[in-house]
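One chain comes next, on its own, written out as structure tokens in the form predicted on its own.
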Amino acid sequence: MRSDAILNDAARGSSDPRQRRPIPAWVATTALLLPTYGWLTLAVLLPLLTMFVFSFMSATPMGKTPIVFTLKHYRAFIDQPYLINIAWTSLVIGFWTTLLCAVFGFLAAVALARATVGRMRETLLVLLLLPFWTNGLVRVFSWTMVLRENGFLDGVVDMVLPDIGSISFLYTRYAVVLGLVHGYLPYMILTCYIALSTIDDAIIEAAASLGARWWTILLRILLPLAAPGLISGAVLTFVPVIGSFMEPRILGGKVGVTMGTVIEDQFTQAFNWPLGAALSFTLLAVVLAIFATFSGVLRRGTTA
């Protein structure tokens, strides 16, 4: 009897809410988010804030020139009109790269989501991610071996059409777009694949049973339902492309001058950090405007 009473007292004591004292939700949330936001603050926010301050300086702060805060670097597009043409070139390259990624990426995602199952789908997904496993510089230099005169492409063409001559288009904007499409196409495929994989198969089967052809299903059903993934992939592609500098510099040569290469030159060659920072934040403003524009489209697409 005494042991039963002790057990009952222990049970009542363990169920007493005053002895449990659960951790408040805000404490647990803060503890989980603190490492991530702390790292983002040190690695991203503080450097961005520093460069933002640099963009208002009259000279690089590491030199001996007196520092004066000014807005002249943000007038670069007015004082140096050639930058407008360079910015337009960057936007055109970004547009064509995004468009090609959208077309080929969506079709590849449809084939991946609708025409493969099981291990075959997993194998193709791994193959799609292979470009991310290699260094970007190696990928770009590999394209120079393919596109240069008497390179791999010319060798293949010469075997098929011996009299056509060289078709090398290295150091052109076409080569720049090709290299960028190769680098950013997996982003588009993955976002479209995720959107397509959520579509109920019953919708496709119902359309097919009612006599819809494959192109009708593709354009009238799959494309509208996968629009959020397509737009997300377009944003993820266009935003980094307009600021890229490695592909334009290596594959474009003299015609590969973009905003990315100009900004890189200001930091690495001209040592004009304030101008480079100002151009970077101008480009960042364009990126934010793109996000603001597509946020409403994405919201409507997800609620449709």
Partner chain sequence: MTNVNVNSVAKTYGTTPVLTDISTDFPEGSFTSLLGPSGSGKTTLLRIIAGFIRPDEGIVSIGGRDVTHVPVWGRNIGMMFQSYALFPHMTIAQNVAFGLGRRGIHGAEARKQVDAALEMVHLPGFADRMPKQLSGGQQQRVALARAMVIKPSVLLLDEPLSALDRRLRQEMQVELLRIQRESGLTTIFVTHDQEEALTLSDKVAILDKGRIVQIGDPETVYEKPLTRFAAEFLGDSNFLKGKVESGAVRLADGTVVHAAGTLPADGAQATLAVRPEKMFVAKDPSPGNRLTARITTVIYAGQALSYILETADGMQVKLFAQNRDGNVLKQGETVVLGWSADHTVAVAD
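What you are looking at is a predicted structure, and each value in this text was computed from that prediction instead of being measured. Residue numbers count along the first chain shown, from 1.
One more form of this protein, predicted in complex with the partner chain, exists but is not displayed; see below.
Shown alone here, Ala76 lies farther than 4.5 Å from the partner chain in the predicted bound form, counting heavy atoms only. Shown alone here, Asn135 lies farther than 4.5 Å from the partner chain in the predicted bound form, counting heavy atoms only. The partner chain is not drawn, but in the predicted bound form it has no heavy atom within 4.5 Å of Asp158. In the predicted bound form, Pro81 stays away from the partner chain, with no heavy atom inside 4.5 Å.
Of the residues given (Ala111, Ile167, Val126, Ile203), Ile203 alone sits with a heavy atom within 4.5 Å of the partner chain in the predicted bound form. Site annotation in the predicted bound form: the residue of Met145, Val103, Ala208, Met120 reaching within 4.5 Å of the partner chain with a heavy atom is Ala208. Screening 88-96, 210-218, 103-111, 148-156 for residues having heavy atoms within 4.5 Å of the partner chain in the predicted bound form returns a single hit, 210-218.
Scanning 85-111 for heavy atoms within 4.5 Å of the partner chain in the predicted bound form gives no residues at all.
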